[in-house]
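Given as C-alpha cells, the chain that follows is alone and in the form predicted on its own.
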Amino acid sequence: MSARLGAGGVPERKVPPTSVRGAAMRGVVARPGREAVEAKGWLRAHKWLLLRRASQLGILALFLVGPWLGWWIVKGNLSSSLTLGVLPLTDPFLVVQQLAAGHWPYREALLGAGIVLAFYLLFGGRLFCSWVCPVNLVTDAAAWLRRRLGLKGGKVPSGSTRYWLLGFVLVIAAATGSLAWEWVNPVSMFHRGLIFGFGLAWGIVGGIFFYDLLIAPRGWCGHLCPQGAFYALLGRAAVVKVSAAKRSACNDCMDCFAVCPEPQVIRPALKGVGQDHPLILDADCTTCGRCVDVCGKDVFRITTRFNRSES
C-alpha cells in the first residue's frame, strides 16, 4: 500500500496518537515521549533525564552528608565550597555580585570562580540549570504535572525579563553594598532549607512550583531567574551542543517542544529557520537532553558545536 500523500505530493508521516499533536487532534491529554518508550524502551527514552537526576541528587548528597552524617567531603554550598579540603569552587554570579557591591573577593573565591567559569564557558553555562540546580527538580515537577492535568495557556513574561532582573540584582548590590539577592535566591534557600529546615524557604520554593503550574508554564527558569540569565551569557561559545541531525525524519509530533524548558531554541535547528545547519546554537538551551529522550525518531543528539553534519 502506498503512503498517503500530503501537500506537494510529500508522503505524510503518521503522528503518534499520544503525542502533543496527536492528542490535540483527538482532544485528549498528551503523553509526550510515549512513542519513544515504545520505539527505544523505557531506559533509553529516559536516559538523559535519569543522568540529570543522578547528577542533581548526587551533588546535593555531597553537600548534605557533612551536616547530616559528619562526612565532610564538601564544605559550603552551591554558592561557594571546598571539596576534600583542596578544590575551591565558587559561583561566578556570586563574585559578580560581590564586585558590584564594592567588595573584593578572597583569593580562594576568585580561584574557585575561575575554575567554574572556565568549565561553563567550555561546556555551556546553562548546564548549571539542568544538571546542578536543585530548583530544576521543582520546576520540572510542575511542568510534568501541568502536562498530566492538561492545563493550557497562562500569562508568560517576556523572555528578556530575566535579563532585566539580572541587571536589577546587580544594581541593588551596588546600591546597598550587600548581596541582597542571596537572601531570597531560591537556590540558596533550597539548600539552607534542607540543612536547617525549610521555614520561609517552603514559601519561596512552593511559590515557584505553583507559579509554573498554574500561571506561567516554565515561568521561573525560562523567564524570570536572573541566575539562569547570567549562565546563559556564558554559554554562547560553549563546545557541547544539541543537534537535530536527523531532522528529515521528524514527524511533527511536537513532543520535543512540550518537554523542552526553552522550546524557542528548537525551531531554527529543526525547521531550518534562519540557519542551514541542524545545530542548536541558542545560549538559552540547557542541554538537558529531554528532546533526545522523547523523540521516537531519534532526531536529536548531543554533540559538539563543530559537528554540523546532517544524517
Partner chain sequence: MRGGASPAPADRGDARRAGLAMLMNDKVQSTGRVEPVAPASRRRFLKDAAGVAGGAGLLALGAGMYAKQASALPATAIRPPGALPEDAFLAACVRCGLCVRDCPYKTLKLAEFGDGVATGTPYFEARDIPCEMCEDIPCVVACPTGALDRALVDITKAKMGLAVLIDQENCLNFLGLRCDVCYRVCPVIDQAITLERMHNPRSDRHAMLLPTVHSEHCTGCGKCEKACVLPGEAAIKVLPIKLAQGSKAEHYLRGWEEKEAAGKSLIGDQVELPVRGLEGKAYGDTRVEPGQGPVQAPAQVPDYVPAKPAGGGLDSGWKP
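Numbering follows the first chain given and starts at 1. Because the structure is predicted, anything quoted here is derived from the model rather than measured.
The protein also exists as the form predicted together with the partner chain; that form is not presented, and the subsequent description refers to it.
Stretch in contact in the predicted complex with the partner chain, which is absent here, among 141-149, 184-192, 125-133, 234-242 (heavy atoms within 4.5 Å): Selected stretch: 184-192.
The partner chain in the predicted complex: contacted by all of P268, L281 and T303, heavy atom 4.5 Å: No, none of the three is in contact.
The partner chain contact at L200 in the predicted complex, heavy atom, 4.5 Å: Output for L200 is yes: heavy atoms within 4.5 Å of the partner chain.
Proximity of L94 to the partner chain in the predicted complex, heavy atoms at 4.5 Å: Yes.
Touches the partner chain in the predicted complex: F119 (any heavy atom, 4.5 Å): The answer is no: F119 has no heavy atom within 4.5 Å of the partner chain.
Contact of G114 with the partner chain in the predicted complex (heavy atom, 4.5 Å): It does not: once the partner chain is placed as it appears in the predicted complex, G114 has no heavy atom within 4.5 Å of it.
Proximity to the partner chain in the predicted complex, single hit among G58, G274, P67, G41 (heavy atom within 4.5 Å): In short, P67.
Sole residue of A174, L137, A216, L82 within 4.5 Å of the partner chain in the predicted complex, by heavy atom: Looking at A174, L137, A216, L82 one by one, just L82 meets the 4.5 Å heavy-atom criterion.
The partner chain in the predicted complex - contacting residues of 64-79, heavy atom within 4.5 Å: Those in contact are P67, W72, K75, G76, N77, S79.
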